[in-house]
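A single chain comes next, written as C-alpha cells; it is the form predicted alone.
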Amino acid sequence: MKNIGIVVATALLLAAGGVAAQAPNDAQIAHIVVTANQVDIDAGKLAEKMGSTKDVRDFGKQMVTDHSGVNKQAVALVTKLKVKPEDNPTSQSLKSGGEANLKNLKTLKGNAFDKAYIDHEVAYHEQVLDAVDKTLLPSAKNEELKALITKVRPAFVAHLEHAKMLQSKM
C-alpha cells in the first residue's frame, strides 16, 4: 500500500514541476485532469463491488458519479477549445499508480479492502488538491480550463473530508 502512495506522490510531484521539470501546458493539464479522474472512477467501481460496508460502497459510487461528471466537463471543454489532451509523464505515472492500486485492492477482502481503499482515497485527494493548488491552476493559461479546475475543486475537498470521516470510523 505504501508503494502506491509513493507512485501517486511521485506523479503529482512531477505535475508540480519537480526540480528540473517544466510546468505542464494546457494540453498536458487536460490529460492529467482526465487521467486523475479516471483513476478514481476505476477505484470507485471496485469499491462499489467489493466494499464490505454500505458506507464504502456508497462512497465508491459517489466517486464514480462525481469524477465521471468532471471528466465529461473536461472532455466537452477540450473539444470546444480544439485542444488535444497530451499524454505526459505525470498522466502516465498517475495511470500506472491507479493500476497498482487496483491490483492491490483486488487482493483484499472485507475490512482490509475498506481500509486500504479509504486510506488511498484520503492520500490521493490530498495529493490531487496539492497539485491543483500549486501547479495545475497556476500553470493553466486558458481561462476556461482554469475556471473548470476552480469549479470542481470544492468537490475534491468534499471528497477528502468524506474519506477522512470514513477513515476515522475504521
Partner chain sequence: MRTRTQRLALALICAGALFPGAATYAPGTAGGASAGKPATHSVVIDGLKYDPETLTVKRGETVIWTNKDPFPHTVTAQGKFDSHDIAAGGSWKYVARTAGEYSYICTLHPNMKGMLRVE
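Residue numbers count along the first chain shown, from 1. Worth saying up front: this structure is predicted, and the values here are computed from it rather than measured.
Heads up, the form predicted together with its partner chain isn't pictured, but that's what we're talking about next.
**Q** Go through 60-68, 24-32, 105-113, 120-128 and give me the stretch that gets within 4.5 Å of its partner chain in the predicted complex, heavy atoms only.
**A** Partner-contacting stretch among the options: 60-68.
**Q** Though only this chain appears here, would residue 88 touch its partner chain in the predicted complex if you measure heavy atom gaps against 4.5 Å?
**A** Flag for residue 88 set to no.
**Q** Answer with yes or no whether residue 96 is in contact with its partner chain in the predicted complex, where contact means some heavy atom within 4.5 Å.
**A** Flag for residue 96 set to no.
**Q** Candidate spot 39, 45 and 49, all three in 4.5 Å heavy atom range of its partner chain in the predicted complex?
**A** Zero of three within 4.5 Å in the predicted complex.
**Q** Between 83-117 and its partner chain in the predicted complex, list the residues on our side with a heavy atom within 4.5 Å.
**A** Counting only heavy atoms within 4.5 Å of its partner chain in the predicted complex, no residue of 83-117 makes contact.
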